[in-house]
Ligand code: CDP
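Shown here is one chain on its own, the form predicted alone, set out as structure tokens.
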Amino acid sequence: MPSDMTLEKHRVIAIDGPAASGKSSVSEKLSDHLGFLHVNSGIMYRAFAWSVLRSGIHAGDARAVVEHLHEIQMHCGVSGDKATVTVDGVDPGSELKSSEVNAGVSAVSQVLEVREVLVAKQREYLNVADIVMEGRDIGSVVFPETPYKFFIDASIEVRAQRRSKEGIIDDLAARDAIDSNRVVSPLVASDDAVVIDTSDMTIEEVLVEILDHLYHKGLNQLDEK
């Protein structure tokens, strides 16, 4: 867990929520607006799931998944204002959104050792810059100390429509059940997180609401460090 000194040096805005809630779109716009580094923690889990499946390992085989974790080299870096991930020097690119990865990423993400390794990599970004990090356990587990926490949600019907428009096949109900009920770092809104239902909101409206909360917490003053 990062120290108080680390959080004083660089700030993190945690944005959690289920798939297709709008958290990625608003996280990107927010990071652009503030000049913060955008980190999508889900890309890390997807990249690892992609590597697992590419190696012929069943996503539900926890022992084989852990063995694979220690056999590969995952590099989490920065390109411009966005975080990047490669596995053994390979950028999976668009394959991260494949139906196979969608089906396997939740199972892989349940493995304790996987989360420990990737959470450590996520925390290392605070050594680099101020960040907007999105995921499912950023405010509850990765950076519980940050005062800037948001939980972005939407009805499952709206989320399904969004996925369909993106041409992505994803069983959202199944993923929600797995992510919310797993023992390790479940998907949950922190008690001190601002919950925003985006079902009937545009991304611009969500951005304005988040900025309003941030400025009331003194983010405008923090920019004068």
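Residue indices: 1-based, along the sequence shown. Predicted model, so just to flag it, every value in this text is computed and none were measured.
This protein has a second form, the form predicted together with ligand CDP, left out of what is shown; the following refers to that one.
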- Item | ligand CDP in the predicted complex: contacted by all of Gly77, Val128 and Leu219, heavy atom 4.5 Å | no
- Only one of 61-69, 162-170, 188-196, 29-37 has residues with a heavy atom within 4.5 Å of ligand CDP in the predicted complex, and that stretch is 162-170
- Does ligand CDP get within 4.5 angstroms of any non-hydrogen atom of Ala19 in the predicted complex? yes
- Message: I'd like to check something about Met201: if you look in the predicted complex, is any of its heavy atoms closer than or equal to 4.5 Å to a heavy atom of ligand CDP?
- Response: yes
- For Leu214, is any heavy atom within 4.5 Å of ligand CDP in the predicted complex, or not? no
- Message: Can you tell me whether Lys97 touches ligand CDP? I mean in the predicted complex, with a 4.5 angstroms heavy atom cut-off.
- Response: yes
- Query: Which residues in 81-110 have a heavy atom within 4.5 Å of ligand CDP in the predicted complex?
  - Reply: Lys97, Val105, Ser106, Ser109
